[in-house]
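First comes one chain, alone, set out as structure tokens in the form predicted alone.
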Amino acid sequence: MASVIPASNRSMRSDRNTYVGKRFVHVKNPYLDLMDEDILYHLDLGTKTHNLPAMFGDVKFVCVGGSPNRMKAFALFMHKELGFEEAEEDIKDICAGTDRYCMYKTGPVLAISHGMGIPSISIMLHELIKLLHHARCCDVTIIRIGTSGGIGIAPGTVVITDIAVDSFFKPRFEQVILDNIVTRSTELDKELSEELFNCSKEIPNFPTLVGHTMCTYDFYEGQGRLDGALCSFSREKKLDYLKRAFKAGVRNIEMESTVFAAMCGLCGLKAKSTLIKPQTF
């Protein structure tokens, strides 16, 4: 199942990064201004080693997904769709100096892999958001495209996420910071959801719906699978849980949506998650 997760925070800071009519990507870390250089370790980029505004200042759309190969294929697809004349061989992995993530740029579209799970995507998002901030990007839309497990819907359906929820079906992201549990909102951009859904109607044989996406910390027990190395519940308990999830509005399960929504929303990114469903639980 494909899933698109949007998060939005349209408020603007009244500082040097705020200009009338533009929504800049902002960071919420006062210590960054005190640093002589900001090194984006896992992207193999930095504020002294690279001219980030020249490289990325025109970025308007960022598409992220788990698989490096999938994001390269997406970048090549966008290259063709946008009608660029340069050869496909010219599309190089900007993060080739690291084996953590891959990044491709074609015109105003940036495609980046994020790996699997909340820890992996959160590391990438920290550095991506700082990258967009240093590049002085504005009015950026970010979309997560990925696979997921579906609940009560046909295989191959695309789910456009309206709300990202946790394993208790609550719209929140809880993170342990030092020795405190910090809870953040997972509100997503409703206008972007509607826009994407309307676009889907123009594509034949493209089953699409809008629903809640549940984010878990695990692929096996956390998602009710019976085929992991451990299984601490019965088939009956699994089915009961999934029925309750469906009743709560959940239509698919994956492992990144809540932190994606929380971080993008806090930093002024208009965000959405779209997931393709390869299977149904």
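Please read these numbers as outputs of a predicted model, since none were measured by experiment. Start at 1 with the first residue shown and count on from there.
What comes next is about the form predicted in complex with another copy of the chain, which does not appear here.
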item	value
4.5 Å heavy atom contact, residue 109 and another copy of the chain in the predicted bound form	no
Interface membership of residue 101, another copy of the chain in the predicted bound form, 4.5 Å heavy atom rule	yes
Residue 211 within 4.5 Å of another copy of the chain in the predicted bound form, heavy atoms	no
Interface membership of residue 229, another copy of the chain in the predicted bound form, 4.5 Å heavy atom rule	yes
Triple contact flag 168, 177 and 184 to another copy of the chain in the predicted bound form, non-hydrogen atom at 4.5 angstroms	yes
Interface stretch in the predicted bound form with another copy of the chain - options 76 to 84, 186 to 194, 125 to 133, 149 to 157, non-hydrogen atom within 4.5 Å	125 to 133
Heavy atom contacts to another copy of the chain in the predicted bound form at 4.5 Å, residues of 203 to 233 in sequence order	217, 218, 219, 220, 221, 222, 224, 226, 227, 228, 229, 230, 231, 232, 233
